[in-house]
Structure formats: structure tokens, C-alpha cells
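Form predicted on its own, single chain, as C-alpha cells, below.
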């Protein structure tokens, strides 16, 4: 994992001083080799120990180790390393807005993959499969989040996992009153701070159900309630680009859970193929 990608993916969890260091490194990666830890500290008006602690928190032995790793990452990109194809493509088509957007999406998806481990995706898939077989899967998203809740509910149904989907908070509150142990509530909320969704999440937990949340990679009330949390990393200074990155990375994340479900059980796979064939037959003239 590139140290620059790691820094970007962890930025939202950093303190104000750590974010200043992170932003400086991300914006001046090519020049980092010319800075000692003391010079970097002087440039930012902070203590040298803050720089050292920052590098160690990221898993490096010290500032020289971080500087070397960043230099290696830049050198690999310059030499055409296969893992940096996205960076090269963007550089080659720097004047193209679509190429730039593609690169931003690739970065966002890579950061999102980094913060959601394979074990987490498997745990979410197992929880959904168990609830689908022995209980109920509830699903809610408000506003734009409902687009992904509705789509994912449909994909689960193709696998033979029915869900109780709703885009109205009061109705969902009534629905989860019938929840019990082993049931799952999947809540889509980009910022994770909607009061009604937090209340529904608490109520569901009281019913001994398992709460799975899908939010941004930030500290938020809904994520704090979750048994399992799927996190999306999407950052850009342009307000019209940031939601595009969020949607792209979120879809990629949900695709990962869907594939886990498809490949984790032969019966579900057979059910999917049968349902797809049935849908195709209905669409034929």
C-alpha cells in the first residue's frame, strides 16, 4: 500500500496537527526528500516530536522511513510500476477532465478497500446470509442514500435473501418493532448523523438485532452504534466532485459484499442464475 494512499485514507481520523502534516506531505510529496523532520516542523510551525509521532502512528519506524517510502512510491510511478497505472494514466491525459475524474475515483476506491478489510466484508456477508436464512434483513436509506439501499435490496432478493426495505423513518421504526435476535438492520447514511436513523439503530439494538452501517470514514453517531461498519473514503476540495467519488466508492464496496455472498454459497449462486434467467425471460418480447 502506497504511503500516500495510507495517509489520505487515514486523514479524517487525524488530529488538527496531524492533518496539517498529512496535507503538507500529500501536496509536496516530490519535495519531501529535501526536508528533514526539523525543517518540516519549522515549515508548519509545530514541534519536531509531532512529526516523529505522526510517522510512527502510521506504522513507520520514524521520519526517515516515511521519507524513503514516499520516495520509493514516486520512483515506482516514474518507472512505470504496474500498481501505479492509474497515476500514469492521469498524467498522460492531464488535460482531460474525464481522465482526471477516473483517477480520483480510482484513488477513492483504493482508499475504501484499504479501510474495509476482507474480514469485515466477510462478516457483513455472513450476517446478511444468516439473517436471510433464519430471520429478517431490514434496510433503510434516506434521500440519495435510498438509491443504494433500494438497489442492494434488489440484489439480495436475486440471491434469495428477502429484505424489508423502507425509505420512511417512522414506517421503518414500526417495522423493526418486530425484529429479534439474529435479524440485521443495514442503514445507509453518508454522514451518519441523522437523528431519526440513530434512534432506529438504538431501538433495533434493544431488540437484540445486529446493526450494520454504511457511512463516510469519519467519527459519527451512527457508526458508533454499529456492530459492523462499512466505511467509504471520498475526499476532494471540489464540492461537485466529492459526492461523485462517494457514490463510486460506495458502489464498489457494495459490489464486494455482493460477490462474497455469491461465491460463499453454491445454493445462493444457483438461485441467482435462476432468477436472472427468469428476469431475462420476462423482458423478452
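These numbers come from a predicted model, not from an experiment. Basically, rigid core = biggest C-alpha set you can superpose within 1.5 Å across the two forms. Residue numbers count along the first chain shown, from 1.
The same protein also exists as the form predicted together with the DNA; that form is not shown, yet it is the one meant from here on.
> Sort through 218, 28, 242, 48 and report the residue having a heavy atom within 4.5 Å of the DNA in the predicted bound form.
Looking at the other structure, the residue within range turns out to be 48.
> Using a 4.5 Å heavy atom cut-off, which of 227 to 235, 32 to 40, 242 to 250, 255 to 263 contacts the DNA in the predicted bound form?
Result of the contact check: 32 to 40.
> For the three residues 145, 191 and 198, verify that every one has a non-hydrogen atom within 4.5 Å of the DNA in the predicted bound form; reply yes or no.
Judged in the predicted bound form, none of 145, 191 and 198 sits within 4.5 Å of the DNA.
> Any of the heavy atoms of residue 18 lying within 4.5 Å of the DNA in the predicted bound form?
Result yes; residue 18 sits at the interface with the DNA in the predicted bound form.
> Would residue 59 sit within 4.5 Å of the DNA in the predicted bound form, counting heavy atoms only?
Outside the cut-off, so no.
> Who in 194 to 229 is close to the DNA in the predicted bound form, meaning a heavy atom within 4.5 Å?
None of them.
> Does superposing the core leave residue 66 with a CA shift of 2 Å or more between this form and the one not shown?
Where the cores coincide, residue 66 still shows a C-alpha shift between this form and the one not shown that is 2 Å or more.
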